[in-house]
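Okay, here we've got a single chain as structure tokens, the form predicted on its own, with questions on binding and movement later.
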Amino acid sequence: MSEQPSTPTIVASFKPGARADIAARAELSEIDASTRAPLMLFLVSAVLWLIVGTAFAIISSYKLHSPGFLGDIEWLTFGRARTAHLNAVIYGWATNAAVGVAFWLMARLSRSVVRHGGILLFAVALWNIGVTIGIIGILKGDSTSVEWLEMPTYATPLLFIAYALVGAWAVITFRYGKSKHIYVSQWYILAALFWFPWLYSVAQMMIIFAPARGTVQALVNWWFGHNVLGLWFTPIGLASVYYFLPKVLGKPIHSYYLSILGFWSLAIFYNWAGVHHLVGGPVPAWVITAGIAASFMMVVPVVVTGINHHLTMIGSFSALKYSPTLRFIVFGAVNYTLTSLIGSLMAARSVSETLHFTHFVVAHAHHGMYAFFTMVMFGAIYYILPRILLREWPNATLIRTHFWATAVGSMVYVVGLSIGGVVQGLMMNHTSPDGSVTYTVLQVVEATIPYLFSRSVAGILITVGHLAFAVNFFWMLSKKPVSQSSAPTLFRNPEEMELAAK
């Protein structure tokens, strides 16, 4: 990573550009200081919700193969526990982390200190109050039963107001930016900050507050659920990759033009892609065909982005040994490519007929939301927090435990549940020569139990990683600031680390 600002030597002070470099470092320090209070509130909230969501995830996963587990507790039935897990992770952990990382990136790339920080402080407080009320409502049984929109109606107005304040702050920061360039990360962030309220407000109106009729609700639901991942979390994740990858390596991204091509092709094609999940449903054939075509066209931004990231990494893979940020970012970037290509494959009618109503879809959703987005957010936090607090991460072993537990756990989850989904789909669609169904529902369920058990094993590994991360995170908050003259390991450039090791 880039080196911590320090007092330059006499020789360095006489070098050309030394004064400009010192001024740039001072400017970054001022920006980081201005973001400290709201960012820490976002990140602390995110980590707390991550632990809450993980607890509900373990409970709901275990219930799939052991239905009697906590069966006497009404508010921990599978329907409520899994819904609480989903909303705690999506609106608690992921959105808090996404907004926190996004506004830090926007401030740095715009070269603008945070103005009206009180807006952000009020927004994050209001957002988390709304999420808390929503989760409690779900556990009470007030869920709307609409996937990704389960929070009761008395919680959503708070979320609207909180997000409006975040959007207003983003416009102010970008407006007063001093940077002469608009970076691709800013394109992604600004687009995502516009797309999310558009998606959320339209879905709330057409499904919850003034419901549309018939199959239009199904179309809107898949349009919202698919696009929240693709047009909200994905742009924030890609903005982070495009910033941290070259930043940690100390070299520019391979091609600016490829990154712009990736952005516009994502913006054009992804909006239509979600409806391919309704293949075979009672919706107009042209809508399904358009969704399938858009899903196949999504190969363009995925391949372009993957090539750009890979070519940037060429010659620098040894840096993965020294940078925790780089490990998480690269892992997430690779899985973005994999899960996106799998998503395009799932749009094929023949594939959808087999996999649509199976655990494969669940594995695919977690592949994108966790193995890509969440891992990228972990990497971003490992980079940002030392620069905000001027403190070193207290324990490198906890960082390694976090990475390997979550990386292995997420792959066990995705691979195990994907295989289980294929087995499930083939059994459900298998017929005897006379046309009758070969396997009963009970036989199909029994065949998937080993794969559901692997899901719980993966959940335990991921929980270990999350606990290691949370311990390190809150331990770091209690540490005293380091002196500017000391050079913490994680602040150093990977090349310097390699030379020091020799």
Partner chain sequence: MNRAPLLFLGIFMTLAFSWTGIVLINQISYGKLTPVYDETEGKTFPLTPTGLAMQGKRVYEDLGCIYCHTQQVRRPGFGVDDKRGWGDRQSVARDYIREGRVLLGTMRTGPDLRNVGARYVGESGREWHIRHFYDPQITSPGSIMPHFAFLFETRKIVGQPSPHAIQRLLPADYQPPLGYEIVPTRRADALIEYLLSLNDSYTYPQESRYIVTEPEPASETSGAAAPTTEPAK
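Only a predicted model underlies this, so the values are computations on that prediction, with no experimental measurement involved. Positions refer to the first chain, counted from 1.
Another form exists, predicted in complex with its partner chain; not displayed. Remarks below refer to it.
The putative spot formed by Glu74, Thr77 and Ala285 is fully lined by its partner chain in the predicted bound form; each residue has a non-hydrogen atom within 4.5 angstroms of it. At the 4.5 Å threshold, heavy atoms of Pro246 stay clear of its partner chain in the predicted bound form, well away from it. Although the partner is absent here, Val334 lies well away from its partner chain in the predicted bound form, with no heavy atom inside 4.5 Å.
Within 4.5 Å of any heavy atom of its partner chain in the predicted bound form lies no heavy atom of Gly250. Residue contact with its partner chain in the predicted bound form: Ala267 places a heavy atom within 4.5 Å of it. Checking Ser179, Thr132, Asn395, Ser255 for any heavy atom within 4.5 Å of its partner chain in the predicted bound form turns up a single hit: Ser179.
The contact with its partner chain in the predicted bound form, taken as any heavy atom within 4.5 Å, belongs to Ile207 out of Ile207, Ala155, Leu390, Val89. Contact with its partner chain in the predicted bound form, judged as any non-hydrogen atom within 4.5 angstroms, is confined among 432-440, 37-45, 24-32, 466-474 to 432-440.
Residues of 207-237 that come within 4.5 Å of its partner chain in the predicted bound form, judged by any heavy atom, are Ile207, Ile208, Pro211, Ala212, Arg213, Gly214, Thr215, Val216, Gln217, Ala218, Leu219, Val220, Trp222, Trp223, Asn227, Leu231 in sequence order.
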